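So this first bit is one chain, no partners, the form predicted on its own, shown in structure tokens.
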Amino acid sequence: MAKFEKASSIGEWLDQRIAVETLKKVMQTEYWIPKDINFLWAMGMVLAATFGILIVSGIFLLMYYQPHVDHAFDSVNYLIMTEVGYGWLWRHIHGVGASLVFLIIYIHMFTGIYYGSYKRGRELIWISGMLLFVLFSAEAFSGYMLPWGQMSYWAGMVITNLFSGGSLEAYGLVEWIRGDYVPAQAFLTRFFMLHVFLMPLMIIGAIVFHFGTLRIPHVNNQEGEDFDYAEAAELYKAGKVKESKVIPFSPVFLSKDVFVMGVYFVLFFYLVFYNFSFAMDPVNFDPANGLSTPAHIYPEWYFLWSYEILRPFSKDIGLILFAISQVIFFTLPFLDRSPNVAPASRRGLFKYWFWILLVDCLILTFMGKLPPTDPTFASIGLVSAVIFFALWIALPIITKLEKKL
């Protein structure tokens, strides 16, 4: 018990009881990061920082928001925006953050695909990341209901109708989810609870799990090089190499993260003060009205690509393909049969697969915002949806034929 005596500082007193210094070494100074990585590897920390801002701004909004169908719209668009000091600022921060968090997720996701960061023991990193994407999607959808505007109401109506299963006509399940025949008080209350309590807790847990999966296989690098991190770290600490392959997470790599976050937040607050309208649908500034259907119902931009996959097909086929599109990315580590962990630019046919997928998702996103009345646009959406699934069918074939580098 002698080691618990004569602590000379608060830090030493805590270290004796909860091993603060050991935790610091494990998570920071002795957590080694490949030196050969670029600013795209900072997207994870940018995402975590943005989520933190969403939590803080959400707490301030929660102080004045009223989750009641008779008061929700006014509490957001009148009370918070005009009566509460700087309430408009917190709403702009929350709205812009909700959009940018998905931009960061998509950049992070396609960076992982480009560099093959889901291969060679990193499958759980990818799967936990995709789980985070699903949870953020549920969080965003539940939050979109809370202003109780026209698009909130009708988007909620359309999305919950998907659970009827098309020809299965499982409307009992839809009513159970809503708590009523149509979106009403029970619906708003349930999605309020999901948005402010359950989903944030699940996201925090998934973030911890995602960072935990990074500890064993370590993060990937630009060239996909595989080496002994422990040996490289020992050589670095002993000063036996002229140029090390690894750097400590803190403070070296963390300083790079902070720099990237600084640049990002300049853009973030520029949008908050000068271009916040992109994150706020004008239709949603009309109060929810179940007797007046908007001319064109569509989700937020980050859901448009999967929404466009649903639209061109019959009800049943569209629902099946929509469901597949939500889970297909989870299977990427198992569909990619190539032995190579390398950037897409060095992987033969895969580089074309990657760029076609990226462009196709952008086209699906653009088409999803347009009304389905124009036959030309409808045809483009149909072709893009077919290409999306053709790419995933072709993936195991083209990667199996890939030569080992």
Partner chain sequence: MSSRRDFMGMALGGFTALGGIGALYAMKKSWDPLPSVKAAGFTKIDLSSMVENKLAVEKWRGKPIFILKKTADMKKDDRDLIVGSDRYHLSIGLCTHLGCIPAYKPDDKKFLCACHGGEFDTAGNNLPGLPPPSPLEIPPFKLEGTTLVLGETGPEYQKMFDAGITV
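Source: prediction; values computed, not measured. Residue numbers count along the first chain shown, from 1.
Below, we turn to the form predicted together with its partner chain, even though it does not appear here.
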Stretch in contact in the model of the complex with its partner chain, which is absent here, among 249 to 257, 322 to 330, 148 to 156, 200 to 208 (heavy atoms within 4.5 Å):
148 to 156
Among the candidates 180, 226, 234, 83, the residue which, in the model of the complex, approaches its partner chain to within 4.5 Å (heavy atoms)
180
Go through 240, 71, 315, 215 and name the one with a heavy atom inside 4.5 Å of its partner chain in the model of the complex.
315
Since only the chain is shown here, I'm wondering whether residue 294 would be in contact with its partner chain in the model of the complex (any heavy atom pair within 4.5 Å).
yes
Would residue 262 count as touching its partner chain in the model of the complex under a 4.5 Å heavy atom rule?
no
Is there a heavy atom of residue 123 no more than 4.5 Å from a heavy atom of its partner chain in the model of the complex?
no
Is there a non-hydrogen atom of residue 300 within 4.5 angstroms of a non-hydrogen atom of its partner chain in the model of the complex?
no
Considering only 158 to 173, what residues come within 4.5 Å of its partner chain in the model of the complex, judged by heavy atoms?
158, 169, 171
